[in-house]
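So this first bit is one chain, no partners, the form predicted on its own, shown in structure tokens.
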Amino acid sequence: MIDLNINITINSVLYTKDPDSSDLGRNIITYSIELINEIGFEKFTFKKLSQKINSPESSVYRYFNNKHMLLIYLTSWYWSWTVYKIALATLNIKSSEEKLKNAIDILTKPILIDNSFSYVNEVLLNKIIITESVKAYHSIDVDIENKKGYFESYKDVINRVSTLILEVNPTFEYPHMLITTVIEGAQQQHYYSEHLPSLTDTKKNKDSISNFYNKLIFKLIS
């Protein structure tokens, strides 16, 4: 893969040592994504990860205090990457409607590998977001963690796209509610299309989910 040296900035409170600062740290990210997808977050442990990367378990703890922090890091990386994609997709576009459509497409279309980041499999990471990311903030400590800034990347996505909605219709009352509903709904539809297809109306080789949410949003805010 080609590495274009584009950095995704993650809040330093989420790690003890920046994983992007070393080959070992990048391996921790690479193989934690693979392992969580393979066995699920509940069965995932640092011991199993250390065996996969052929490194002492203590070396993983040099980067993350526990697997909960690792999960928050992975979700934060994903949403920071999403912000980066939205910024590129809306750059130098004058039409507010086109900018909003581009952002919706990024939030709802299937994920593709981005060769800018050689050590992250974005397709597998997206599956973690769909199946596991709710565990990052559905926790007893969510209010404390929120105050520490653990979820700023996700908030950034919501705020950016909410701003695009208000560019199209400044009087719309519920931009944040709409975008969080779209993101979580689209994730569920992708999950259903793969595992419970009778619960959705997706069609092979068609952007059914993206088309649905584009129509829903523009109809609602018009």
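One rule holds for the numbers: they count along the sequence shown, beginning at 1. For the two forms, the rigid core is made up of the largest set of C-alpha atoms that agree within 1.5 Å on superposition. Small disclaimer: the values here were computed from a predicted structure and weren't measured.
Below: the form predicted together with another copy of the chain, not depicted.
Q: Quick one: is I10 in contact with another copy of the chain in the predicted complex, heavy atoms, 4.5 Å cut-off?
A: No, no contact at 4.5 Å.
Q: So in the predicted complex, does F151 come within 4.5 Å of another copy of the chain, heavy atom to heavy atom?
A: Answer yes; at least one heavy atom of F151 falls within 4.5 Å of another copy of the chain in the predicted complex.
Q: Just to confirm, T181 within 4.5 Å of another copy of the chain in the predicted complex by heavy atoms?
A: Answer yes; at least one heavy atom of T181 falls within 4.5 Å of another copy of the chain in the predicted complex.
Q: Answer yes if any heavy atom of S21 is within 4.5 Å of a heavy atom of another copy of the chain in the predicted complex; otherwise answer no.
A: S21 lies outside the contact set for another copy of the chain.
Q: Within 4.5 Å, heavy atoms only, one stretch in 99 to 107, 124 to 132, 86 to 94, 70 to 78 touches another copy of the chain in the predicted complex. Which?
A: Of the options given, it is 124 to 132.
Q: If you check K48, R62, H176, R160 against another copy of the chain in the predicted complex, which one has a heavy atom within 4.5 Å?
A: None of the others qualify; the residue that does is H176.
Q: Can a Cα shift of no less than 2 Å be assigned to S12 between the shown form and the other one, given superposition on the rigid core?
A: False for S12: its C-alpha shift is below 2 Å.
Q: Is P56 one of the residues whose Cα moves 2 Å or more between the shown form and the other one, with the core superposed?
A: Not so; P56 is displaced by less than 2 Å.
Q: After superposing the rigid core, is the C-alpha displacement of P170 2 Å or more between the shown form and the other one?
A: Stays below the 2 Å threshold, so no.
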